[in-house]
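Only one chain is included here, represented as structure tokens and corresponding to the form predicted on its own.
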């Protein structure tokens, strides 16, 4: 991630920096588009032949190939696809025969809600671990937290998912292990953001059911990230606790807990906030396996189906959307870092 250091710059200079960052983002997206378009077409296998019954003739394959434009040279296909993307047309899915953009945007809210819930859980777990480790540093509590962090980092998220399914889906069935919401419930949703809309409508019965479906996959994603957050924040807090203004706070008679929360935390949080923004992009990418494991109806689950069925237009649309999210989040993190840095440094 490239930081935008804009302190002391004039309005025109800030505008130039932002335009340069946007240009870099556009170039990145263009590179991703080129790579994904050409790479998936060199993989063996004919997606048209896969969607036809075993008795299909060569004429049937040729007819469908012409329908989806796969009979043209690859460079011509890329030009046609790119011109459509510029106009908001990502093509038609080969397997579902529906517009790719509508399919992708229909699944995106589920993945975003899962990722946001996992991020919130990771920040809470990691923050509590860091604060407790700092407050009781040098003792058994800090040692236990370090051991727990090491365990959380050494186990990948999909294995945490399997453990959670075994514990809270089989042995003690508290949470749902598949799906996004119970089908038998009345679903008066206007948008695909079920979690936020149910809360906005004060439908707490729906909200509780959705949370029960999301809890285990979100926790599986959150555990490794919580360990990273906890380690970095604790290290930053330890360094901050040795600064002069923190020592001065102690001389005023403030308790250790108050010194950590009111004096040290705000300066120590900046590196962690930057990390959280960057890790959020990887968190979204990590939903692919977790969504499949929990049969969660999100973008990651759709991506696996698209790859299995060699649905080229759908694969391209999903990858481009992921790239847009990644570059967009990184840009926002850069801007937030620039805004928060002076306030935290001189606060």
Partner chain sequence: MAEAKAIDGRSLIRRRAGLRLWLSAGWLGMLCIAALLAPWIAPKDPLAQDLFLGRMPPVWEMGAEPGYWLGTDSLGRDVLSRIIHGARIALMVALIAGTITCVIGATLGLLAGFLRGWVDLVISRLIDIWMAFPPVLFSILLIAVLGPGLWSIIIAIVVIDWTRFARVVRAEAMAQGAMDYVASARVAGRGRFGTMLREILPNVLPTIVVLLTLEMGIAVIVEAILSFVNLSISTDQPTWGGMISEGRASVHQAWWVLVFPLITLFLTVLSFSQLGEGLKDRFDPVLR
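Residue numbers count along the first chain shown, from 1. Here the structure is a predicted model, which means the values were calculated and not measured.
Just so it is clear, the following notes concern the form predicted together with its partner chain, a form of the same protein that is not shown.
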Next item on the list: Go through 159, 132, 80, 120 and name the one with a heavy atom inside 4.5 Å of its partner chain in the model of the complex.
Entry: 159
Notebook entry, point to check: Which one of 74, 155, 102, 185 is close to its partner chain in the model of the complex, taking close to mean a heavy atom within 4.5 Å?
Noted result: 155
Note to self: If contact means a heavy atom within 4.5 Å, which one of 219-227, 88-96, 145-153, 122-130 is the stretch that engages its partner chain in the model of the complex?
What the structure shows: 145-153
Margin query: So, residue 322 and its partner chain: in the model of the complex, are they within 4.5 Å at any heavy atom pair?
Written below: yes
Note to self: Does any part of residue 315 reach within 4.5 Å of its partner chain in the model of the complex? Heavy atoms only, please.
What the structure shows: yes
Notebook entry, point to check: So, in the model of the complex, is residue 170 in contact with its partner chain at a 4.5 angstroms heavy atom limit?
Noted result: yes
Next item on the list: Answer with yes or no whether residue 235 is in contact with its partner chain in the model of the complex, where contact means some heavy atom within 4.5 Å.
Entry: no
Notebook entry, point to check: Hey, which residues along 298-316 are within 4.5 angstroms of its partner chain in the model of the complex, non-hydrogen atoms only?
Noted result: 303, 304, 307, 310, 315
